[in-house]
Structure formats: structure tokens, C-alpha cells
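Quick heads-up: it's one chain on its own, the form predicted alone, in C-alpha cells.
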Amino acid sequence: MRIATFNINGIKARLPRLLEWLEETRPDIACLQEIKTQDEGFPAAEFERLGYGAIWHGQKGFNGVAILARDAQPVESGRGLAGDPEDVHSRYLEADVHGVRVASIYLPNGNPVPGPKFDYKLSWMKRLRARAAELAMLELPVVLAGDYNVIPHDHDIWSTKALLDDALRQPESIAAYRTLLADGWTDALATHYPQGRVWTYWDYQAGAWQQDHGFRIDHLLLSPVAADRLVACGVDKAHRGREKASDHAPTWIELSD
């Protein structure tokens, strides 16, 4: 079973590239972030044509998450995180698909630092940890997939001197991420590529793609039951280099049956 996460950076603008990727790689489950569309604008029929059922949690202009399932309809189990009734951002969606509980996550960026956006990021991570603890108690294969907007280690960015003032590399962000791992969640790519140097994001500016100045912020965290079934993982890097591509590349894992 292949489970992928892909920050598409606008589902309408990137729809040809997204459909192309689905047709070429045929993931069983695809978690999408930054769909940047209201619910009524989500192109569900395009995915149905390829054999994918879908659920989505949209928002006008920014944010938005979705879950696609090949030859199945995701059964929604959660929308949004508890703990902040004033948080109306569409950043979390959870479903049961093919015997796996999956969540599509678009964690807040947090810039500028310091400030209320960074405080919101850290608060959101605490709420995610609380939900993750509930999911861990189910003793099911669970995958928390998405754009975490956290660069976990120095070897997860092209230069250790880059983005030192950015929310993605702040000690508080990294500590919150590592707390999830300490709770028993497995970072799939970090497990298979302990040396790092595997990127999932390249900025559109400053020739980042051409110079391979990337970093890793798209993660798939696995519950112990899911981690026991992990057999492969990777990044579909070539799709980042296509015309009018997202600035993220699809990132995926494979679980044994």
C-alpha cells in the first residue's frame, strides 16, 4: 500500500500536474495540502474519473486539505483539531481508508518570529500532539501525513546557515516535533535515510530548484503498528521540475499488507 502526501500549492492551478502524478504513480492514498479552494470548488469529478474517492476541507484562497483513496471512498473520522474553538483554518482532516487511519495535515508556517503567528503554530502543535495521543491508543495503523513546516535536523536543509531566523528552524518548533517522535511516532523518511539530504521543498525564488537548495518539511509519521509495516519510502523529486509544478514534491511510504 502506497500512502503519499503532497502540498499541491493550489489545486486549481496545479490540477494538470496533480492528475499527471496520480496517473503515473497510482498511490492508494494521497493526502493533499494547500488546496486553496472553498469546498464547492473542489474538483472531485476529476479524481473520480481516475478512480479516486475524495473528502476535503476547503478554505477560500489559502490552506485546505484533502484525502484521496484509490478505488474507495475515505470514511471521515475527524475535521479540525479540538482545543481552540476560534480556529477556523482548514488544516486537519482524518479518515479511515483501506484499513489505515490517515490524517492530512497542514501545520501553520509560523512566520514572523516572534509574534502571534508563531504562538499559533506552537499551540497548534500541542493540539496535534493531543490528537495523536488519542489515535495511538487505538492500536491501529495510523499515518499522520502532511506539510509540518518544521525542518527537524541540520541535515534536512541544503545549508546549515540557511533560514536560521525562520519559524521552520526555531528550537521551539523542532522540540515540539521531536516530542511527537518521543511519544512513539516514527518519522518514515528519517528512518530510511538517517543521513538526511533528502528534500521535499524547493522555493520558487533564488534558483533554489536549479541549485538543489531544498529542505525537508513534508513528513509521514507512523504509529507503532504502521511502522512495523514500513517497507519503503521516498520523494517523487522529478515532479517538482515539471512545468507549473508545486514548490513541494510528493512524498510517500509503502506499507506491507
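Small disclaimer: the values here were computed from a predicted structure and weren't measured. All residue numbers are counted from 1 along the displayed sequence.
FYI, the form predicted together with the DNA isn't displayed, but the following is about it.
Pick from Lys126, His153, Lys117, Arg178: which has a non-hydrogen atom within 4.5 Å of the DNA in the model of the complex?
None of the other options qualify; the answer is Lys117.
If the cut-off is 4.5 angstroms on heavy atoms, which of these, Ser77, Thr186, Gln73, Asn109, is the one near the DNA in the model of the complex?
Checked against the cut-off, the match is Asn109.
In the model of the complex, do Arg2, Tyr193 and Leu230 all put a heavy atom within 4.5 Å of the DNA?
No.
Determine whether any heavy atom of Gly10 comes within 4.5 Å of a heavy atom of the DNA in the model of the complex, and answer yes or no.
Yes, Gly10 is a contact residue.
Even though the DNA is not shown here, does Lys36 get within 4.5 Å of it in the model of the complex, heavy atoms only?
Flag for Lys36 set to yes.
Indicate whether the DNA has at least one heavy atom within 4.5 Å of a heavy atom of Lys60 in the model of the complex.
Yes, Lys60 lies within 4.5 Å of the DNA in the model of the complex.
Touches the DNA in the model of the complex: Ala206 (any heavy atom, 4.5 Å)
Contact with the DNA, yes.
Hey, of 79-87, 101-109, 131-139, 169-177, which bit sits against the DNA in the model of the complex at 4.5 Å between non-hydrogen atoms?
Stretch 101-109 is the one.
Members of 220-249 lying within 4.5 angstroms of the DNA, judged by heavy atom, in the model of the complex
The stretch touches the partner through Lys244 alone.
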